[in-house]
Each structure stands twice: as C-alpha cells, then as structure tokens.
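Shown next as structure tokens: one chain only, the form predicted on its own.
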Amino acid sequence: MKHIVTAKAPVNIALIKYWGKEDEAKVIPYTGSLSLSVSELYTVTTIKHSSHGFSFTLNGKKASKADALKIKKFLSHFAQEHELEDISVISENTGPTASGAASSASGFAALAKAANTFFETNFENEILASITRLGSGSACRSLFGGLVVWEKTGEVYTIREDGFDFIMVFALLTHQRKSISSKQAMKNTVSTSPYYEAWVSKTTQDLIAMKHAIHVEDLRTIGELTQSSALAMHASMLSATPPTLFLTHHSLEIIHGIMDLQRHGEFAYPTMDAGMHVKILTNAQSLPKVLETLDAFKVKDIIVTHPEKGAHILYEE
C-alpha cells in the first residue's frame, strides 16, 4: 500500500449517448456509447493515510455521511474493510457538481485510478473499467483519452486519440444541483417511456454509423449524429411518466441559435446530457461564431475544451 496517491481524470461528453441499464447491479448498458474526453473540466483526487478514520472531502467540504459511505463502498473493490479505516479521500472538481456537467464520470475515474495505485491492486484496464462503471456508468470512458467507445459488452477503448482536434464548448447555465439524479431519471425512462425501445434501436445504429464516420473522417456526419443522439435521449425522457424535463427556455434558445449556424455552413452541433447545460461540438474555424452566438444569448459561464488524455497518476509515494 502506498502512502499517498493523486490522480486526475477528464470529464467526458458522450456524442452517442448512454441512457439506460439492462443490468442495474453490474451496470450493463442497453446500448454502446461513444464520447470525447476533454480538457479544462476534470477531477483531481488524492488518497492518503489518516489517523482520524475514513473521510471524504469534496471541493473543500466534508461530504455527507451518505456520500462518504458511497465512496467507501466503491473502494471496497480495491481493499479490505480494515484497510479503509484510516484513509482520507480528497477530491476537487473544476466544474459544477451534480448539475449535468459529467462530474461523476471524472470523479469515479480519478478515484478508481488513484485507488488502483494506492492499494497496489494494479488491475489491467479491462478490469479497472468494469469496476469504475459501478460508481458511474460513463466513468469508465474517462479512463481513456480522445474519442472513446464503451461497448454494450463492457469493452472500453480509444477509437481515435487526437479527437480530430475537436473543440467542445460548455455553456454552463447553472451551478445548482439537478432536481432529479441521472440514475433516477434513467431508470424512470427505461421503465415508463413508450419510445425507449426505439431509442435503443436508434442508438445501436447510430453507434455503428458514428464509428464509420470517424473511420472515414466524415466530420459533418459526426456532428449530425452527435446532435441527433442528444435530442433523441431527451425525447425519451420527455415521454416518460412522470416526464423528466432538463430542457429550459434558455437551453432551447441556444440550441436553435447553434442550429442556425449550421445552416450558414458552420461546424457547430449542440448536445446535452442529463442537465440543462448545453455543449457544442465545433472546431477552431467555427469557434468564433459559436462564442458570438452564446454571447448573444447572454451565456456568462463558457468553458472551451479540447481533446484530452485519459485518467492518469499525478503523484505517488
């Protein structure tokens, strides 16, 4: 066992969305997904020995008992109960937490990466990914860099490391926590949406099409599939009982504005996760127009990100 380990993991944004577990306990998705790991938004997590019992600190504040127990339970995949009694876990997110900015993905990826080194389990990537997704399904994608595929089989891998030099722009519309968790919204959609079967069928085909578009470097198709996947996911949520509505007047305004850029020949495609933030897949040429549009819609909190490498160790001793 090490004395102290610090790991860093990027946020990842799905271009082909993951939405729904076929096996809740093992976190087996109904469909594969594909994401882009990005810079600027990430989690840095330190695990170290402590003489004050187990503790979990998030963004400078001691976490609730429930959150601490959740982290301790996750770490039980790497260590015995008695080995966790005098452990301190300290995490910092650069973006908002639990508001749809994918902080849980980077958080559990950083935690898994740090734990794998701290407890000297040294699991290979395949096993580490299978453990990581138990914390948050999409977290297994943050272990890898660039454009990352998470197959329905559980396999996770980078399909293109440079990510085409895409730019992902985050239009952060709130720092408040979501009214419903992604986990609960997902479960509700799977069990009640009359469109869920269609979502699974579409996503399965979209992933095949996205892999091909990446292989042949068809950027327009990549953008169109990204936009379509996000809107279809939100449609499935809207048709659930009760409906989950993350779309707001502000987010819809931005989506319309970005779609208008497409009609004028710009490479700019909106996507949204389980939250009200809007992300825009773009490139260096179209970035000025994207930023101009966001300014017109009075978006104050904008983060420009680029393809990033996966989770990695920053320090150990």
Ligand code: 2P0
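Remember, it's a predicted structure, so these values are computed and weren't measured experimentally. Start at 1 with the first residue shown and count on from there.
Just so you know, the form predicted together with the named molecule exists too; it's not on screen, but the next bit is about it.
- Using a 4.5 Å heavy atom cutoff, K21, R141 and S182 all lie near the named molecule in the predicted complex.
- Contact check for L294: no non-hydrogen atom falls within 4.5 Å of the named molecule in the predicted complex.
- In the predicted complex, the named molecule lies farther than 4.5 Å from every heavy atom of N116.
- Proximity of V169 to the named molecule in the predicted complex falls outside the 4.5 Å heavy atom cutoff.
- At a distance threshold of 4.5 angstroms between non-hydrogen atoms, M233 is in contact with the named molecule in the predicted complex.
- Look at 251-259, 267-275, 52-60, 283-291: in the predicted complex, residues with non-hydrogen atoms within 4.5 angstroms of the named molecule sit in 267-275.
- Of the listed positions (S136, S193, T244, N93), a single one reaches within 4.5 angstroms of the named molecule by any non-hydrogen atom in the predicted complex, namely S136.
- For the residues L173, M186, V89, L75, the 4.5 Å heavy atom test against the named molecule in the predicted complex is passed only by M186.
- Contacts of stretch 104-133 with the named molecule in the predicted complex, defined by any heavy atom lying within 4.5 Å, are made by S104 alone.
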